[in-house]
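The form predicted alone is given below as one chain in structure tokens.
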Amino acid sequence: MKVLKFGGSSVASSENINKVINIVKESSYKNNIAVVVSALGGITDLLLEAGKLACNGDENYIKSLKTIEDRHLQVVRELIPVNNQSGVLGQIKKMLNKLENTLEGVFLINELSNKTSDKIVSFGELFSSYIIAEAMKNNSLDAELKNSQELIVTNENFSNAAVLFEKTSKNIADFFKQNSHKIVVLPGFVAKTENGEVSTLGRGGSDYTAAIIAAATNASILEIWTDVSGMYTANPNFVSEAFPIKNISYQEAMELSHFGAKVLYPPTIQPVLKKEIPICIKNTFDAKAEGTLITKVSSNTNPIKGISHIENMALITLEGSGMIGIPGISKRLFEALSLEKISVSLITQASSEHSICFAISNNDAEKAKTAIDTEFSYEIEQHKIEPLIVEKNNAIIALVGDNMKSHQGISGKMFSTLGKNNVNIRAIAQGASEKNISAVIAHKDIKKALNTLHSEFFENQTKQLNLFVVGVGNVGGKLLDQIKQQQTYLLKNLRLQVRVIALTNSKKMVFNEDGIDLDNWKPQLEKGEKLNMDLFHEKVTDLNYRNSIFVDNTANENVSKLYADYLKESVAVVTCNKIACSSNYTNYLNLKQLAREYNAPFLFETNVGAGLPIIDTLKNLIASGDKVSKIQAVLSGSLNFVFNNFNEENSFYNVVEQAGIQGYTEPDPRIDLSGVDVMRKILILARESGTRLELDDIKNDSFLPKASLDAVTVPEFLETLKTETAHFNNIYQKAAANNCRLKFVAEFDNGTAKVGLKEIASDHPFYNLDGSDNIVLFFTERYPVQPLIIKGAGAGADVTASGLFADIIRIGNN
């Protein structure tokens, strides 16, 4: 015989019930079938609500009752042919009258005991089992209804009654021996006491009912039909990459179900475990899916079978010097909790016996504090024990697997993986059997923790990077093009999955939690909401994705001021915006410190030399013990482009205009032509060399005339480039007469820095620097005479974007 149990989602509507009937029909060809059903989806909650409203004297319980009535009558009319409906509708209405009378009694006396509550909620399964049995008969199935209350006997612990197995097993065995029908439909969850009072087996008790029947009849298999295709490696609502576990042991299934895997009610396994009856978790809505088979021994080779969690937990700590070496403290503590019927999910104790830490439901926290503070009131008054510490809004996350004990390093791998993603661990518990490794974390970190661990233990080490991109102009647009072009390559060769979660321009922002389609990001952004950088930060923080990267493609000072906020949330920052690293030295150091403290990379390679590896090379020199004595550099691709193209035939104004069109200068060309941009770059290199320097410490020998320096607006400034033509021509002619070329040079020498336009002779490395190229000469202890030279394209949207992209990939490979 087979036992099939169908949950509330499987019988939530007539359409779903027809799926159930087809599954039962298919199974009954070769087997006798016991079909255990839950209440229609949502009905148990409605019944509880009706009881609570009636108890509170609220006449709205009648509306809840009407909703319950309408749901069931509608299902009958949709399932049963019109000619056969009257008898079924009549029976349902008789049952509804009994329910109404019970609720009316609660309303009149304003009292709702557990005993009466059991009677009310039992109607859900009684309704559904009757309707489903009648529907099967009308589909020509040899089906019969049997009320589980006539078979399952419990004690009088109403709302969560304990089964009296000896009597129950005999009742079930005797009934099925005499049964002549191919299919027997039974309500789950419900039972009766020895005195005939209605009792229930607790929420999820329909699974338990099915297991009790399977054990008593020595069934060949127990099938739990639900709305997912088995027990998953993690909750698929949190982890998109989670997948069904093909085979799992009873012990592993119990651990997972205890720690939040809701497809299986934890007590379900106990009745079938002794008789080694396999359990199969199947999907009503995908009947051909393999599902999960639960047996005595798992055949899966992975020592980790699943990652599970419990939400909304409170971490409770009892501590004090008066606990050390005193027998009976633990007994008194947990006895106080037991008397309040508070379930403890995790316990850990310091070896010094100075503290005991445990986790319970948030809902029980205040009750626990009152009970324990009362129990230890004398010790608290004597300052031997501190008042109970209660910390809410936590969660428990657990790795589960029978074979973890035979694999070294799993605990270390788990905790290091969480640590790298800045998931703080508050408490740890691991039994000697090593079937479960549990940790308490902040509730807000659940999704990040689950995805991080799932990636580490179950996925092909593909690392997902989640980008939040600010600025989609020249550089930002090129970056998105490069990411789109390289997505397949990165996934295949570097095992990096790069997703752009959010985009902004100067007016709009758009978020897509599953990743923005880079084929049509522009229309998506146009339809986005109004840009609000505070709200943008709030959304990034709320999503709390692992490997989050804030990418700043702007030259905006206000955006640069947000870096610290992101780093504190363990969000990496990649930027081509030079303002932060060239701001006051204290802020620069603070950002570097935050990056270390929160394990959030802060990368700004493109601050100097666009895509050239200038900063990275400098960092490697310093890290390897070398010391920089002098730096000489042409660091402005914009200015190099300008002075390489400026001559007697091409006016200074025309060259600057051309540089702007080609994207070599900032929108405000004064930033480039004034030398401020180069000052920022040499400042960053000096700081990365280990020198404390401020922007005001750098000498700037400007080549601009006073009229240009005094210009208030960009148009006014550009106009001076025309009116001061003689000034610029004179600079050019003087250099040409000396057979020199003009280069805007940055120098750092023994702690001091300066920038300015210089005439470069033909024998100097800078002389043949063409186009918009940059060049840097590092003179160090290892390179005292012949400097280390880095040379190449130092401006332009493409190379800047590629530098940003390289920093993003660097984070992914870390």
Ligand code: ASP
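Remember, it's a predicted structure, so these values are computed and weren't measured experimentally. So that there is no doubt, residue numbering starts at 1 and follows the sequence shown.
The following text describes the form predicted together with aspartic acid, which does not appear among the structures shown.
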So, aspartic acid superimposed from where it sits in the predicted bound form: by the 2.4 Å backbone or C-beta clash rule, 3 or more atoms, this site is open
Testing 34 to 42, 746 to 754, 784 to 792, 771 to 779 against aspartic acid in the predicted bound form with a 4.5 Å heavy atom criterion leaves exactly one stretch, namely 34 to 42
Aspartic acid in the predicted bound form has a heavy atom of only one listed residue within 4.5 Å, and of H181, H727, R203, K619 that residue is R203
From F189, F468, F123, F641: within 4.5 Å of aspartic acid in the predicted bound form by heavy atoms is F189
